[in-house]
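Only one chain is included here, represented as structure tokens and corresponding to the form predicted alone.
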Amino acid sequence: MPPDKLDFAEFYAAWFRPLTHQLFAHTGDLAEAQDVVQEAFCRAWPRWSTLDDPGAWVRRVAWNLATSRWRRARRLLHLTRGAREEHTPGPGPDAVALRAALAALPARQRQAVVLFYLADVPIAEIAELTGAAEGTVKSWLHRGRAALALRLADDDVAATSEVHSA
């Protein structure tokens, strides 16, 4: 039985926020995360009756859109080097440290860590989403955890040293 339009509204209500949080952790930009998730839902709407696993489909489309936008933004940044920067107030120190630590990870490790720990996506689904073997995803998670632990512990030690020396 194909899903009806009411199912889509319920699906949207249940999935928009968690997907936005995942993509925000990946991109570091809430507006960008909301945009790619919204676009993914817009692309799912005409295909709604044919989607076997709409959650996985929308997640994959949103991640692909975020990656494409990041590449375009990187090219634009390269072309407009030297343009005026805008400064806005930043998030708290813990969020900054976590985002910096996540940003230091290779893209696939970051994606695996965000999906597994922030979105509670099973390893098998991450493997399907990324096109990698489950063992590879486990390796990304292991390496990502180790790198985050090291980086966040170093930040903690540095912050403690600054407090004691002040």
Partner chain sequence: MREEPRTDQVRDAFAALTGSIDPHLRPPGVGSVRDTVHRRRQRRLIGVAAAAVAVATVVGLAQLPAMEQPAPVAAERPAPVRTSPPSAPQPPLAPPTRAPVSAGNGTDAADGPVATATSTPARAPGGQASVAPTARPPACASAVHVSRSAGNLVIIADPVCAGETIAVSWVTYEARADGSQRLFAHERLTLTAARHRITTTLRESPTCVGAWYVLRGDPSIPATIGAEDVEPFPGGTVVASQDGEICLS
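Positions refer to the first chain, counted from 1. Since we're looking at a predicted model, the values are computed, not measured.
One more form of this protein exists, namely the form predicted together with its partner chain; it is left out here, but the text below deals with it.
Looking at Ala14, you'd find every heavy atom of it more than 4.5 angstroms from its partner chain in the predicted bound form.
The shortest heavy atom separation between Cys42 and its partner chain in the predicted bound form is within 4.5 Å.
Using a 4.5 angstroms limit between non-hydrogen atoms, Ala133 is distant from its partner chain in the predicted bound form. Residue contact with its partner chain in the predicted bound form: Leu30 places a heavy atom within 4.5 Å of it. Along 10-36, a non-hydrogen atom within 4.5 Å of its partner chain in the predicted bound form is carried by Tyr12, Phe16, Arg17, Thr20, His21, Phe24, Ala25, Leu30, Gln34, in order along the sequence.
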